[in-house]
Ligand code: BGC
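Next up: a single chain in structure tokens, the form predicted alone.
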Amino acid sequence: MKKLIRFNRIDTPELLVDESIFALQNGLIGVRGNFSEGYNESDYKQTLINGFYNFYDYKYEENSPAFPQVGQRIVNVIDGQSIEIYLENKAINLENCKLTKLEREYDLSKGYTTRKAEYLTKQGYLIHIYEEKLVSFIQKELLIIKLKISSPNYKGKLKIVSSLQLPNKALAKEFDSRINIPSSDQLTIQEKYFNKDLVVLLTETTSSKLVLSAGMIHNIPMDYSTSSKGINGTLEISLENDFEINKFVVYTPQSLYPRYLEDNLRILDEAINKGFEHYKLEQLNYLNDFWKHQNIEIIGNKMLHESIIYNIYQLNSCAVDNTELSIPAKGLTGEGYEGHYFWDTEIYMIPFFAITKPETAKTLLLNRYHHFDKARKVAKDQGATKGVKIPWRTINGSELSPYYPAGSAQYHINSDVAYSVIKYFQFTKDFDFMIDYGFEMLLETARFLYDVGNYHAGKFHINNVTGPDEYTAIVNDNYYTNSMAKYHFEVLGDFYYKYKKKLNLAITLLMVDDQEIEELIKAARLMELPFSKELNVILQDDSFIQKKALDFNKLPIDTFPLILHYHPLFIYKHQVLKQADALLSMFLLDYDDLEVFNQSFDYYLPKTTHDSSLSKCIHAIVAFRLGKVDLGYEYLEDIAKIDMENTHHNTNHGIHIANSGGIYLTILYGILGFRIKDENIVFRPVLPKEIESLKFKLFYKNTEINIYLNSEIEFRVDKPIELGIYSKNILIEDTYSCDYRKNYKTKLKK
């Protein structure tokens, strides 16, 4: 059963976490798991539109013309969730009543949430509320809420108030640099339309001047009236029998819908005519197809299985179909990280989509490409004479990082994008994409890295950068940055010479020639890759080993994550990592010297805090690769709990959607040992003792590959395909199985 069920989580911290856990999203809109009836008068319901943001000014004590001067923040838009219930002029909510029972269910096979709540009023009445909430995967502009109200001991009158209104302001209750709570209104209402059937609000952001049309309609007539915050629909009922209301809410941002008002009215009209059951059936059919093609089953660990299914569902729910959009770090489940797009998309999420939904992977890559003009400006702002610098954090393509040491200094994002392009091509063989876009993406991102690098003592260096580990900032020759650039340059050179004739038009337009490509190939060959012969480990950068050790045991447990409690300079001067850095590159590039790999892992492990949710999934994958199966499984369980048990203490700001991708990668790359080679895919499986068996399905070269892993690995295919199992290539025509365990141990020793 693909369901997540939670009972009686009614304390405020639990409610806020479950708002994220039960959030509904579809790549365009996200609706948190708020109660339609609300908690109290200052209720903060959240509805988010991907790419719908407002500007705010940055303030620097020491400014620079090259610094970003404005930030961008995703906007909590018009609230359409509110359906308030009044009994004798008192709202049925947590402020006025006791919530005696609460059951919530996320049906991952049907695509909607349900909530059963029982309130006890001060007069002794029991009010039962049953809610279904759906955000459509097909009609992406649409949110639907069904609310049923009943009572075993009250048969009097109730007043129902269904609203479309400006949201309340959020109250910042904690300091956390990962979320920036706005202190002023972000939206203004420009126009209001309403008649006996439906209402629409036209709103505009205060600074970015983005326009949004929000409309609502109900399955029963309402009396509409305006207020300063929006429009209310009111209805008085007698609770002699159970009462039900269906509410349809539609959001159409002007940036994506040139006829935003007309489209809104049209979708509202279609929705009320088709009815809720139509969209539930659409949702069911959509998810039947998704789970049929992408199912994962863990047998022997119910918690792990349910977490993996939930995280894959939410990751898939982030899929975008418009190149103007990407995936925010929290998806659309909360305002954490202000709705910004990071490198998380390329390294942790696109691999999932390249395998399950290649068109989505391509759309995400084209989002980067379509902002290349702004990326060229970012490159110039950072002193480069050519190429593009992919912004470290962005919504509209501009760099938004106000703290450059841990932000825009992360040059590796250029190679992250290039790596994603390369892996997308290796998996899909989408040659048209590479000719039209991919080659240019590889070239322009490489040009920047070459331009900011330099030769010294016969080696090519990239200095004053920050790698993925943000606890070591502005260093020289970060291993991750350099090794990924080396791979980037090499693959670009190979592609250029292999397909030079077919690239003729692109070569002309981009003004690239053999000499420039040879310079990049030379830089790759002479790239400085820090290494300690004494320790036999990859060095994170040229200075990490010189720093003072930091004893985590002497730090109070409540001072993690360190970035929230210590000055950056305290962190930067110590041997401490926030997340996997050199190890991440060694995984991504399939580092093959297992002795060095193992010693590097052991060297960095006690120095890593895992303060980032991006860290433990990589350590899990590497641990499985190195035969540290128990440790790999321990990390896998940890990442499965990050949101389910709020182990990073910020799930209330949204789920960690990159960790959702990391969980998928840990199963695929860690347990199954999957790797993409130029003309083949390879498996190096290992199964932790805590898991009885694993089922996995993927598609490659138009072939359905079903994988069954227990004491043996078995492949079932619907057409012949050649697969690698360790170093041996096998032509599988129908079914093939083998005992992988001896092979696994032998390969590790080598």
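All residue numbers are counted from 1 along the displayed sequence. Fair warning: this is a prediction, and the values are worked out from it, not measured in the lab.
Below, we refer to the form predicted together with ligand BGC, which is not included among the displayed structures.
So in the predicted complex, does Trp392 come within 4.5 Å of ligand BGC, heavy atom to heavy atom?
Answer yes; at least one heavy atom of Trp392 falls within 4.5 Å of ligand BGC in the predicted complex.
Answer for Tyr337 alone: is it within 4.5 Å of ligand BGC in the predicted complex, judged on heavy atom distances?
Close contact exists here: in the predicted complex, Tyr337 approaches ligand BGC to within 4.5 Å, heavy atoms only.
Examine Asp344 and determine whether its closest non-hydrogen atom to ligand BGC in the predicted complex is within 4.5 angstroms.
Yes, Asp344 is a contact residue.
Is Val75 close enough to ligand BGC in the predicted complex to count, meaning some heavy atom within 4.5 Å?
No, no contact at 4.5 Å.
May I ask you to choose, among Leu614, Ala523, Leu201, Val388, the residue with a heavy atom within 4.5 Å of ligand BGC in the predicted complex?
For this set of options, the contacting one is Leu614.
Only one of Arg447, Arg115, His461, Lys578 gets a heavy atom within 4.5 Å of ligand BGC in the predicted complex. Which one?
Exactly one listed residue reaches within 4.5 Å, namely Lys578.
Can you tell me which of 329-337, 120-128, 676-684, 547-555 lies within 4.5 Å of ligand BGC in the predicted complex, counting heavy atoms only?
Comparing against ligand BGC in the predicted complex, the contact stretch is 329-337.
Scan 61-88 and write down, in order along the chain, each residue with a heavy atom lying within 4.5 Å of ligand BGC in the predicted complex.
Stretch hits: zero.
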